[in-house]
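Next comes just one chain, in structure tokens: the form predicted alone.
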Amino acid sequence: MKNFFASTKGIVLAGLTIGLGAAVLQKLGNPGNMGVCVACFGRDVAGSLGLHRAETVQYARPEIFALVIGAFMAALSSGEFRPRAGSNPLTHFLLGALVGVGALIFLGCPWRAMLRLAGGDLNAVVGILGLIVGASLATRFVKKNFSLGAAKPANLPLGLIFVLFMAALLLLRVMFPPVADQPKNGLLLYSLQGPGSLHAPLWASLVIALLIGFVGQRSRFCSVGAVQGLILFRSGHLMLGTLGFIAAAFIANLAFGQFKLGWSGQPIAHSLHFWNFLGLLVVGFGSALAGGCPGRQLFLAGEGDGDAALFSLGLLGGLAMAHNWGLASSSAGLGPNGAVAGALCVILIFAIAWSGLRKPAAA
């Protein structure tokens, strides 16, 4: 059966769906310019599980779980659920962790950068430039034959492990919901103030994120892949989806009164331009080497990709580490150890890129 979402109209519709869904979730209670952010929501999940103790960012975000489950449903229904894994599992995990640190230096993943732009936050422009530069650097290494190893077919249980893990976390969220004025319910921690205390109703988060996961998997939506597609193949196919995402979020923000143009006073953002640039450079560089942005990695994990699952677990660990070790930024500015962490992330990703260069096969 022909995949509509692989067409031009399909990728645009996917971008419009994700952008509109994110703006609606913000209107329903999610934090400002953070309707759906894989990094920020992953950080909140890590906090809810007790992996870090920053009390303002702890919430078991159902969107993260539903994105994977929605992608799984799409892959299963289309015959694209194919368990597989590559040959560098620890490298994928490490790249995920480094991307997590870079995202929290900027304060958001590529999706949030686009949502911040659509909400009028001009600091996002600097971050998106860094994302483009990072993805472009990775593409130069890809042109020189960079590879982490080809994915190979794997047993069914391997492809299901991450999906079942997400389903189990969703079940915990349903069993132990937040309770007013209580920082913990059963096994999960919840913020009483700050971004972690702001959230849309459970039903809305699930419905919209399941839909995003479904269309994201079917369309191969990827913000980093959009940049790579332009450079490697002179193809603007994925970029059309990215532009649709921004356009839908922008129009919805205007309609909902969520648009505020400027550099300062933006929700959960800072105006340290160099670090906004560097943070998303790390995200773009590391994500492109790993095969997709954090959102795309969740979609891939949902269709049975073990490498993407390891990247996503590494991302979760990196997000937790960023708060435990003072690497994460805040609205007040850079974290106490953020500068050193940003420099080390760049060095380590360059090292991974160089070590992954392969000699061309002999003729």
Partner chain sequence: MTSQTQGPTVDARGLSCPQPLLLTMQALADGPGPLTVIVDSAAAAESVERALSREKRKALVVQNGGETIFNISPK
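Residue numbers count along the first chain shown, from 1. These figures come from a predicted structure and were not determined experimentally.
Just so you know, the form predicted together with the partner chain exists too; it's not on screen, but the next bit is about it.
K.L.:
Only one of H273, K260, K184, R82 gets a heavy atom within 4.5 Å of the partner chain in the predicted complex. Which one?
P.N.:
Exactly one residue meets the criterion: R82.
K.L.:
Counting non-hydrogen atoms within 4.5 angstroms of the partner chain in the predicted complex, say which of G149, G194, P89, P177 makes the cut.
P.N.:
Exactly one listed residue reaches within 4.5 Å, namely G149.
K.L.:
On the criterion of a non-hydrogen atom at 4.5 angstroms or closer, are K2, A6 and V142 all touching the partner chain in the predicted complex?
P.N.:
Each of the three qualifies.
K.L.:
Please pick out the stretch from 95 to 103, 239 to 247, 115 to 123, 74 to 82 that is in contact with the partner chain in the predicted complex, where contact means heavy atoms within 4.5 Å.
P.N.:
It is the stretch 74 to 82.
K.L.:
Hey, in the predicted complex, is S136 touching the partner chain, heavy atoms inside 4.5 Å?
P.N.:
Result no; S136 lies far from the partner chain in the predicted complex.
K.L.:
Looking in the predicted complex, any heavy atom of F233 within 4.5 Å of the partner chain?
P.N.:
Close contact exists here: in the predicted complex, F233 approaches the partner chain to within 4.5 Å, heavy atoms only.
K.L.:
Report whether the minimum heavy atom distance between R220 and the partner chain in the predicted complex is within 4.5 Å.
P.N.:
Yes, R220 lies within 4.5 Å of the partner chain in the predicted complex.
K.L.:
Since only the chain is shown here, I'm wondering whether Q228 would be in contact with the partner chain in the predicted complex (any heavy atom pair within 4.5 Å).
P.N.:
Q228 belongs to the contact set for the partner chain.
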